[in-house]
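Structure 1 and structure 2, given next as structure tokens, are two forms of the same protein chain, each shown alone.
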Structure 1
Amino acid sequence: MKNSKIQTAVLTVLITVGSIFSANAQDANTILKKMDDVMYSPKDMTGKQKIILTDKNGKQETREATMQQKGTDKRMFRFTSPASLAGIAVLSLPNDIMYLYLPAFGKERRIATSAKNQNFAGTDFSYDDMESKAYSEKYIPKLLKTEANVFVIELTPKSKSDYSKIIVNMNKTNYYPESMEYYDKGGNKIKEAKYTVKKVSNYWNAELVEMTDLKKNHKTKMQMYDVKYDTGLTDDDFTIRKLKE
């Protein structure tokens, strides 16, 4: 009789713990999906970017670029200045396809999955960071804790990545990330991104993203301006032909 009660108690504990884990997983997935919905809510978006690179000695370099986005899986990023970089562009397409265009060579080059950890054109953003893909498609989320103003979510890559995990502090009101911390395979924090957001029309937008490489003590600020939403971009605006224009 005593053993039966013990077994029942153990079973109850296991069921309860299993339910908690299941609820947490469901909550994490729901929260991450809401973040994707906010970040990719417009049908399309166009904007200009001012990019400021700051090295460990405080020396700064300024660049300009344009960006176009359609849905969750099509993005075109192109430098417009300085003249030495003008025309260099990246095209992100569905199914993990990315192309880099270098005007000096006059042809596009597909970026291999194994090369997506490389930094793009001297910035602190990797090709992986520049990819247009919903976070819920790339990562398995885990809710670490809930604080007064943020959800703290741990993201583990579903496929091969140089990141072992990303810790996201997500605003509880608008579901936009306030910061992201990137960790390598050894569990060391190697980069961090900070977001400044504002509402443009009906959509939340990151008007400033500041990415810092902690190993190199190097920083890249991307400031978005002249943002327009739902202008009617089509799939034809995200082709290799457009990449080379």
Structure 2
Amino acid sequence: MKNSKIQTAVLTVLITVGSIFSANAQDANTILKKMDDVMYSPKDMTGKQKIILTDKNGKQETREATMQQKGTDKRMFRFTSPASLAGIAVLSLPNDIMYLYLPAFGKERRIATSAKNQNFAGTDFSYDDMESKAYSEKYIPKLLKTEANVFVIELTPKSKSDYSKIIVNMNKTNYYPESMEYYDKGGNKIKEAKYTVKKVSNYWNAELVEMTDLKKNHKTKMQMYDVKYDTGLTDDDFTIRKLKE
């Protein structure tokens, strides 16, 4: 009986140590790959967005939009309010091909890729932040530490970027980011994003992303609602024909 208790205790210790060792043993690449899998696993996504901009004086502005996405490289974004922006749409396609549709001009316009240098539609998100390209394709990860609930990973851009690094706090259970800190070339923290996630149809969804520009003291809350996954969007839903509808 005594031996049996000892065996159980040893086994428990071994399992515990083993699992800790296993978690630590996961290298940064594997962890980041898991984050990509969680964030970009749906085949397609349709949803609505409420974007709340808050300036340093606490004054708020609200914008609403619809969004459709297929895979990681096809996206249609269309403002529905306020009236001055309603109808303006952006179509993003693979290889950095982007079109802007302005109802006042009545035709699509190819956007220079340098538009990605600027913030997306007056928000605190850059076009880069909005891009749904897998992080493992864009960044080299380094596991800084493992805390009780999160992995802390440093991402260094593989190619030209506005950021020198991004520090990600990634939930150990669902592998979704809880927060991200963005650093400029001088090593100064310039922005931070906080994620609130919820499970929708077997997928984790960031129902609220709060991005703060620390320099400007300006905040953007991006709320996702009416989210639907895997509704069968096709490539035909991401064309200039649809952009102009």
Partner chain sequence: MKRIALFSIILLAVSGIIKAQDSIVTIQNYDKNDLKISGELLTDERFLLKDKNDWAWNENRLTLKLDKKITDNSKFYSEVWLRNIGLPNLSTSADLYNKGIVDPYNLEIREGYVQMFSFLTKNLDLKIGRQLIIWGTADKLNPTDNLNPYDLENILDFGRHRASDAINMNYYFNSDFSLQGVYIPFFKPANMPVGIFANALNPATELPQGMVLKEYSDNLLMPKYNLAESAVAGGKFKGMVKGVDFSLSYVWGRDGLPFSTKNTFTPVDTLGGININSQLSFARTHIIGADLATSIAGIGFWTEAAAFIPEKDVVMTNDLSVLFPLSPVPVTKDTMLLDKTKPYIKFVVGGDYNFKDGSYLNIQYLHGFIQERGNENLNDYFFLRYEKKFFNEKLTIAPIGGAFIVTDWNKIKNNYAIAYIPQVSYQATDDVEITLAAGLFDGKGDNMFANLKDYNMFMFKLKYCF
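Because the structure is predicted, anything quoted here is derived from the model rather than measured. The term rigid core refers to the maximal set of C-alpha atoms that superpose within 1.5 Å between the two forms. Residue 1 is the first residue of structure 1, and the numbers go on in sequence order from there.
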{"query": "Selected structure - the one that is the form predicted on its own", "finding": "1"}
{"query": "Yes/no, Tyr99 Cα shift of 2 Å or more between structures 1 and 2 with rigid core fixed", "finding": "yes"}
{"query": "Ile111: Cα shift of 2 Å or greater between structures 1 and 2 (core-aligned)", "finding": "yes"}
{"query": "Rigid-core-fitted C-alpha displacement of Ile240 between structures 1 and 2 (angstrom)", "finding": "3.0"}
